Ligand code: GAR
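Read the single chain below, which is given as structure tokens and is the form predicted alone.
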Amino acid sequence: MEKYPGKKNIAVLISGRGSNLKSLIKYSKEKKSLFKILLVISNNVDAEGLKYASKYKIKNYGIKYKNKLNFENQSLKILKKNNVDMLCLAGFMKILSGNFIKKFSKPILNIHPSLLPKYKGLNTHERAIKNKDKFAGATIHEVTQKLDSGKVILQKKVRIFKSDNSRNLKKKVLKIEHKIYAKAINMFLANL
């Protein structure tokens, strides 16, 4: 088994395609990376991202989301058993309970498709366009018990043009998400 001396073990929570997961895996293989992806957990047993994890020989778990408590308890068992140093949410479309955050008791980072504190929650691109914002973007932040309110680690902007609709704005923002998430994780780990 491949060893990464001195790198932190991270787990990634996903719900879908796993495009951010894919860019994190790629970055984690680079020498400058301060982390390795130890495991991936999804609340969607059919998530495309689980296939990426398998392809890169990363332990992965699809947990059927019957209810929040069941999913969180199973996830916590897996995270504790595998000695994970940090948890990263990458397109994870559920809100973690305060109880989970307390019990995990290690850093949790999330990537959000807006320039927080603007547009917490869902439909960020539609809201930015409706409000005639000049910029949209992505934010990597610490997860706290308040939705999308933790300390900001890194943000990057993209220009919103009059011709943009929510679909192509989403694509533009996703491109920068892929560029900044791994950098933000490295920055965060370097300051621990």
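Keep in mind that this is a model prediction, so the values were computed, not measured. Numbers for residues come from their place in the sequence shown, where the first is 1.
If you look for the form predicted in complex with glycinamide ribonucleotide (GAR), you will not find it shown, but the lines that follow are about it.
- Glycinamide ribonucleotide (GAR) in the predicted complex comes within 4.5 Å of no heavy atom belonging to L115.
- Residue contact with glycinamide ribonucleotide (GAR) in the predicted complex: I111 places a heavy atom within 4.5 Å of it.
- At the 4.5 Å threshold, heavy atoms of F92 reach glycinamide ribonucleotide (GAR) in the predicted complex.
- Contact check for I176: no non-hydrogen atom falls within 4.5 Å of glycinamide ribonucleotide (GAR) in the predicted complex.
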